[in-house]
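Both blocks below hold the same protein chain, though in two forms, and each is given as C-alpha cells: structure 1 and structure 2.
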Structure 1
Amino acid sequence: MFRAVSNRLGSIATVMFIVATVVFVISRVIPGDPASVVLGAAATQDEIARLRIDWGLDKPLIVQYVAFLGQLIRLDFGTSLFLGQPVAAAMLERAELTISLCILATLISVLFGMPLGILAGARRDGLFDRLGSALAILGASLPSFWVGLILIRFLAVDLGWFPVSGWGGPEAGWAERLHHLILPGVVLSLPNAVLLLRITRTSMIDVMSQDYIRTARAKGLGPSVVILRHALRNALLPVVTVIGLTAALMIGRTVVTETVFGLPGIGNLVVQAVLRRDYPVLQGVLMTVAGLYVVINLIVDLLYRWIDPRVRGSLQ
C-alpha cells in the first residue's frame, strides 16, 4: 500500500507541473489586458502601464512563470486582480455552494444511473433495458443549459415548485438551500447519470455471461441473490471508476449550471475571471480542479484493492 501511494504521489507531482504550465499559458493567451478591463475605457495609457507594473504584468513571461510556480509550491494562488482579496479566500467563500451542488448531483446520478443500469444489464432486451437505452440516448442528446432553461420555465416559473435562481440568504438553513439546489443538481447530474447507466449496463451484461453466474443459477439461487451477491461486486470496478472521475469533472461543468441558475459558486467565479482577465483567480481555480481530479483518481485506484483483489499486484 505504501509503495502504491508513493508511486502515485510521484505521478501526481509530474502531472501537476504539466497542468501548471498549461494553465499559465492558457491564462496569458486570453485576448485582452486585465489592467484595461479594471480601469475602463476612460483610462490613459500611463495609468494602465502603472497598474501593470503594480501587478507585475510588465515583467517577461518567463519571470512571471517562475513566480507562479514559486507561489504554487507555497500553496499560494496570489491575490485577485479585480476582487482585491486572496484567491484562496475568494474560492473558499464560494466552495460550500459548489461542493454541495456536486455532492447532490453525484448522489442523483448514482441513485438514478446505477439501479437502472443494473436492471437493464440483468434483464437484457427486457423492459428496463429498452427504457434505459431510450433514456440514455435522450439524456446524451440534450444540452445541459437547455435542460436547465426548460426546468426553470416550467417547474420554477409556471408551477412555482422551485426557486428560479440563487440558493437562499446568509441565514438560510440546509433545507432551504437544498430546495434551491435540486434543479441545478438534476441538470448537473444528467450527463453523469446517463454515462453511469450505460457503463453499469455494459458491465452487468459482461458479468452475467460468465460461467460462475451460470453455476450460481444451477445451484438454485434466486435472481436477486445472483445479481446482488455474485454479479454486482464483480461489475463494480468500471462503475467505481466512472463515479470517481465524473465526480471530479463535475466542478468544471458547474460553470454552465451555475451561470444558468445564477448561483454564486466557483463556476460563476471562473466565468467572471475570464471576462475580467483575472489571471490569479483563473489559475487558482484550474489548479484546484486539477488537484482534486488527480487526488480522486488516486482514491479510485486504491479502492480497486478492496473491490477486486486481482488488481492488487498492478498497484504495487
Structure 2
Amino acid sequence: MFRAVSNRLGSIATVMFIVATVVFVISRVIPGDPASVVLGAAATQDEIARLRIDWGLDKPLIVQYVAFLGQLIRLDFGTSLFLGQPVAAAMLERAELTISLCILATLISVLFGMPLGILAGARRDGLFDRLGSALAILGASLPSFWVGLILIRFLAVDLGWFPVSGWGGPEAGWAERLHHLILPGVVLSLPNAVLLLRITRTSMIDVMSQDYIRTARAKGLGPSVVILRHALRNALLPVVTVIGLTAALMIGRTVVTETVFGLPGIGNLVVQAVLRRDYPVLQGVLMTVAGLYVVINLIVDLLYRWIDPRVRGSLQ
C-alpha cells in the first residue's frame, strides 16, 4: 500500500510540474499586460514600464518561472496584482458562493428533473412524457445567458420577486444570500435538470418493462406503489451516477452564470483575472483546479485498489 501511494505521489509531482509549466506559459503567451490595465488608457509606455519593474514583470520569463515554481513548492500562489489580497484568500472567499450556488443548482435540477423524468417514464407517450420531451428540447437549446437575462427581466424587474444581481451587502444573512442565489441557481440547473429528466425517463422505461414490475402489478399493487417502491429504486442507480458527474461539471458553467448575475464567485474571479491579466490569480485558480482533479484521481485509484484486489497488482 505504501509503495503504491508513494508511486502515485511521484507521478502526481510530475503531472503538477507539467501543469504548472503549461499554466505559466499560457498565462504569459496571451497578449496583454496587467500594468497597462491598472494604469488606464492614458498611461504612456514609460509609466507602464516603471510599474512592470515594480511588479517584477520586466525580469526574464525563466526567472519569473523559477520564482513561480518556488512559490508552488511552498504552496503559495502569491498575491493578486489587483485585489490586494493573497490568491489563496481570494479563492477561499469566493468558493463559498460558488459551492453554495452549485449545491443549490444541483438540488433544483434534482427536484425538477427527477419527478418529471419519473412521470414521463412511468407513462410513456403520455401527457407528462410529451411535456417532458418538449421541456428537454427547450432546456437543452436555450443558452444560459439568455435564460438568465429573461428571468432577470420578468421575475426580478417586472415582478420584483428576486434581486437582479450580486449576493447581498456586508450585512446580508444566509436567507438574503439564498434569495440572491435562486435565479442564478435556476439558470445553472437548467441543463442538468434536462439531462436528469431524460436519464430518469429512459431508466424508468427500462425498469417498467421488467418482469418484477409485471409481477407487482399482478399482485394488485397500486400504480404509485409500483412506481415509487418497486421501479424507482432500481431506476435511480444510473440517475445518481449522472447527478454526481454533472454536479462536478457544473463548476465550469458557473463562469457564465456568475457573470450575468454579477456574482463574485470563482467563475467571476477567473473571468476578471483573464480580462485584467492578473497572473497570480489565473495561475492560482488553474493550479488549484488541476490539483483537485489529480487528488480526486488518486483517491479513486486507491479506492479501486481497496475495493478490487485484482487492481492491486496492476497499481503496484
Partner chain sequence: MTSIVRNTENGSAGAHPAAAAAGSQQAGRLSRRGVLLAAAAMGIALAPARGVAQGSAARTNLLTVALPNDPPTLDPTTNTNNVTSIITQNVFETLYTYDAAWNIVPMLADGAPTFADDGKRVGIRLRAGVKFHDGSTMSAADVVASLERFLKLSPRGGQSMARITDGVTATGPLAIEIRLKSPYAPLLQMLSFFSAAPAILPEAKAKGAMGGPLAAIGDYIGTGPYRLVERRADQYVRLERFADYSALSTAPSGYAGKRSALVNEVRFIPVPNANTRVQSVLSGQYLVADGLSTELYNEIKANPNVEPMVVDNGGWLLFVMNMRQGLGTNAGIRRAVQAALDPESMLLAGFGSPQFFKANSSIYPEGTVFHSREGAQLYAQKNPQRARQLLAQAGYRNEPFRILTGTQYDFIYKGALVAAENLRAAGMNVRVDVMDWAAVLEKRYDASVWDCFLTLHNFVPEPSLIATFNPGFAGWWDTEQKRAALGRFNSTFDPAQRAVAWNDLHRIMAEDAANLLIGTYFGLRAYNKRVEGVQPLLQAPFWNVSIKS
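Not measured: the values here are computed from a predicted model. Only the largest set of C-alpha atoms that superpose within 1.5 Å between the two forms is called the rigid core. Every residue number counts along structure 1's sequence, beginning with 1.
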item: Structure corresponding to the form predicted alone; value: 1
item: Rigid-body partner check between structures 1 and 2: G70, V87; value: yes
item: Rotational displacement of the minor rigid part between structures 1 and 2 [degrees]; value: 21
item: Value in Å for the CA shift of D158 between structures 1 and 2, taken after the core is superposed; value: 2.7
item: Shift in Å of the C-alpha at D54 between structures 1 and 2 after core superposition; value: 9.6
